[in-house]
Every structure is written in structure tokens, then in C-alpha cells.
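Read the single chain below, which is given as C-alpha cells and is the form predicted on its own.
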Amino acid sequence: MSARFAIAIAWTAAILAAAFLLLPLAVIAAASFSPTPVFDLPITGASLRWYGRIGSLDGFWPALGLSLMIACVATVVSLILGTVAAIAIAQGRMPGAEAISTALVAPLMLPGLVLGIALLNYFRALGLTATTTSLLLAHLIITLPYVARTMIAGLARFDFTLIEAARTLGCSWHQAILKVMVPALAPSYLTAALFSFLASFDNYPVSIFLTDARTKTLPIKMLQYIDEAPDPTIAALSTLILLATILLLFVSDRVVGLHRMAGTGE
């Protein structure tokens, strides 16, 4: 009886925690259908007009394009650099591997505002004034820790003798990596890519210090929209971003499986 009671308590706690996390998202999604120009739940009716206004928001498409471009480039570059660093650390052949492994996750331990101010001053000292380049480099610093830690965990269970076997069969080192290691670590790569892309696309505290009046990412533009015209259009845009994230997770589950991405399955 005590075991069943403990299981019931655990399930209750899990359900309450899930509700606590998801209810705010449900409220903002419901508010996006408000028939009035205020953030109100559609009790007496629903309207889709706020979704139709998203495309006409001032500067929306350039901000969306910039965020997507930076997130994609940062993710790809982080996957390459993170994999190389993870291989060196996992094989234990690099002096100071543990120290480097800790340094790779240092940006995650810093508050975003502190990191943003530090990068702003650092780029100014280097004479780097190009906004897009500054944003891309900053987002690489943000995304690389996610990739590195995920790949280090994945490579800890990878048998590197498979690489040597592929090389004895005629593959070069790069071919062995692409044909043997990458397919075997597909869940790790997908997990790293998802975390990296979402961390970059959604970043605000670092990006706010590196943008200018003409070059802004989507999260910064969304905050500007709230200041200028706080209507349910922002709720509609937030709902679309949420749906895109859910779709991305669904596709990932169909391709690899969320249990493998979480590292609970082979």
C-alpha cells in the first residue's frame, strides 16, 4: 500500500509540475484568439485577425530572417567545432582536457546580461563594429557549450575502434567520421542541434547589447512591439513560435525518437 501511495504522490507531483510549466503557454495561446485588442481570454468569441497582422508588423520579416540565419549558421558551426573538441576530450589525448571541458560550459554559468556586456566591450576593443558579425560570434559562444557537452556525453559511449576499423577498410579519417561516427551519434547530433538552434533563436539578454536601430533579432523586435502596440498580435506570434517548436520536436521524434535524444535508449 505504501508503494502505491508513493507512486500516486510521484504522479501527482509530476502532473502539477507539468501544469505549472504549460499553463502560461496555454493562456498566451488562448489570448491570441481574443476578439478585442487587449490580452483577454476569448470567452464570448474568438478571432483570427491577430494572426493576419503578424506579417504586417514593422520590421518583422527582416528580424525573422536575421534570427533564422544566425541560429542556423551558429548551429552548424557549433556542431563542427563542438564535435572536434568533444573528440579530443573524450579520447583523453589532449593535455588539460578536463579544464577545457569545464571552460566550454563557462558561458552557461554566466548571467546573460553579464555575458552581453562583456562581449560588447570585447568586440569594441577589437574594433569589431559589424552588427551581424558580432551577433554571430556571440551566438557561437552561446550555442557551443550545448553542442560540446552533448557530444562529450554521446562520445563517452562511442567505440572509437570502429573508426580504426573503417580506416583499415580504406576510409580516410574524415570518411570514417562521416560514415561511422555521425550515423551512430545521430541522436546526440539532433539533440545538440535542437538545443543550439533554440538557444540562439530565442536569445535576448546577449543580443540586446549587440544590435543597433537597423539590425534587430526577432526577440528584441517582439519586446519593441509590446512597448509600441501591446495587442494580441504578440500573443499570436508567440503561439506560432510555440507551434513551430512543437512541430520540430515531433519531427525529431519521428526521425530519431525522443527517448534516444534523451539518452535513455540506444
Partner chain sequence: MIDGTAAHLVVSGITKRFAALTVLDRVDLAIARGELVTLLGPSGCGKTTLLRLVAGLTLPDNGHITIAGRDLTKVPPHRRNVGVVFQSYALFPHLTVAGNVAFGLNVRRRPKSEVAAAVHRALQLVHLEHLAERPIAALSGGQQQRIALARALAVEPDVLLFDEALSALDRNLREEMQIELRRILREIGATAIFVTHDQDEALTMSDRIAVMNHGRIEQCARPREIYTRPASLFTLQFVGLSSRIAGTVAASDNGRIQVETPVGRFEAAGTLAPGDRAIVATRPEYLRVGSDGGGNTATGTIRTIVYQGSRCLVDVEAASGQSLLASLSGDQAADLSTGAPIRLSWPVTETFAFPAPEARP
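Just so you know, these numbers come straight off a predicted model, no measurement behind them. Residue numbers count along the first chain shown, from 1.
The following text describes the form predicted in complex with its partner chain, which does not appear among the structures shown.
Using a 4.5 angstroms heavy atom cutoff to its partner chain in the model of the complex, none of 84, 90 and 101 count as contacting.
The candidate stretches are 172 to 180, 116 to 124, 190 to 198, 149 to 157, and the one lying within 4.5 Å of its partner chain in the model of the complex by heavy atoms is 172 to 180. Comment: its partner chain is not present in this chain, but in the model of the complex one of 76, 106, 128, 162 has a heavy atom within 4.5 Å of it, namely 162. Although the partner is absent from this view, residue 133 stays clear of its partner chain in the model of the complex, with no non-hydrogen atom inside 4.5 angstroms.
Its partner chain in the model of the complex comes within 4.5 Å of a heavy atom belonging to residue 166.
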